[in-house]
Ligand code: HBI
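Here's a solo chain for you in structure tokens, the form predicted on its own.
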Amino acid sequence: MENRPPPAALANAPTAHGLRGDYSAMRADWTIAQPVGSYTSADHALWRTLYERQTKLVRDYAAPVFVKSLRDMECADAIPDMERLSTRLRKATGWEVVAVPGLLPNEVFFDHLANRRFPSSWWIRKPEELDYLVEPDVFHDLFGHVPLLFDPVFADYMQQYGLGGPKAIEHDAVDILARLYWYMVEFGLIMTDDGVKAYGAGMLSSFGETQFSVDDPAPNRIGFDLERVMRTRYWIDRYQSTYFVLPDFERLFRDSIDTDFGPLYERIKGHEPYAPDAVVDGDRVIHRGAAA
């Protein structure tokens, strides 16, 4: 397929360094062949460092389904080969992982999810970025996102999210839909038999925010409500002031199927969004943050 030029649509991505990935050799669907042979021993060592310290936290703070799937992935020793990982994933839920240079335009990202393809950056962060990275790397994407794609209900939700992307574009509401991804996919909490646990990729790939999201007294923890989530702004450069707690993944999937998002977008656009640290009338407050 014909290669595309670097994506002008991503020129203003919110990173300190600009886009890191090399977009010059990507295919028409914005994927590349994962350059497995280009990873150095230092790259694999960095993966092991990240993996080891996060798994120590995951055991105590992550949802059980995440812990089990991560263990079954057997990827502790080196940066995974995405094709080999996809072989297991296809058998479990029909998903696969595809390598991309980095961030993608909205319509491309939605299309991949709608077709049960999860786009993952192939490159890994630098050692000095161990604790914080703005643009997602291969550790964030594979360690943080892929385990839950082995769960049938969450996997179906992710496809439904992708299928809903064109309607968000049609209603000029991608920013509103992005709040749902941010709070439910990247920074979601879930109620379990052992209390509130983390499942979001953003916090479970973050050394500091994993524990903070679950038991620090500072942030709000509020019961999930679809419209409330989609009306709430979020932080991109600090820990979240509010986390939303799902009762189960079935609720997230059911709401995504049963809701007519067109009227919802228009209703939300008629109101000012809530501040990231807001507690509002009607909230089911599980924990009111000390900073609120």
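One rule holds for the numbers: they count along the sequence shown, beginning at 1. Just so you know, these numbers come straight off a predicted model, no measurement behind them.
A second form of this protein, the form predicted together with the ligand, is not displayed here; the remarks below concern that form.
S.K.: Tell me, which of M203, L104, I222, M82 has a heavy atom within 4.5 angstroms of the ligand in the predicted bound form?
M.R.: The residue in contact is L104.
S.K.: Could you check which residue among W123, F150, F110, F212 gets a heavy atom within 4.5 Å of the ligand in the predicted bound form?
M.R.: Contact check passes for F110.
S.K.: Of the listed stretches (94 to 102, 191 to 199, 125 to 133, 213 to 221), which one has a non-hydrogen atom within 4.5 Å of the ligand in the predicted bound form?
M.R.: Every other range fails; the passing one is 94 to 102.
S.K.: Classify L163 as contacting or not contacting the ligand in the predicted bound form by the rule of any non-hydrogen atom within 4.5 angstroms, answering yes or no.
M.R.: Judged by the heavy-atom cut-off of 4.5 Å, L163 is well away from the ligand in the predicted bound form.
S.K.: So, A178 and the ligand: in the predicted bound form, are they within 4.5 Å at any heavy atom pair?
M.R.: Result yes; A178 sits at the interface with the ligand in the predicted bound form.
S.K.: May I ask you to state whether A78 is within 4.5 Å of the ligand in the predicted bound form, using heavy atom distances?
M.R.: Close contact is absent here: in the predicted bound form, A78 is far from the ligand, nothing within 4.5 Å, heavy atoms only.
S.K.: Who in 45 to 76 is close to the ligand in the predicted bound form, meaning a heavy atom within 4.5 Å?
M.R.: Result: empty, none.
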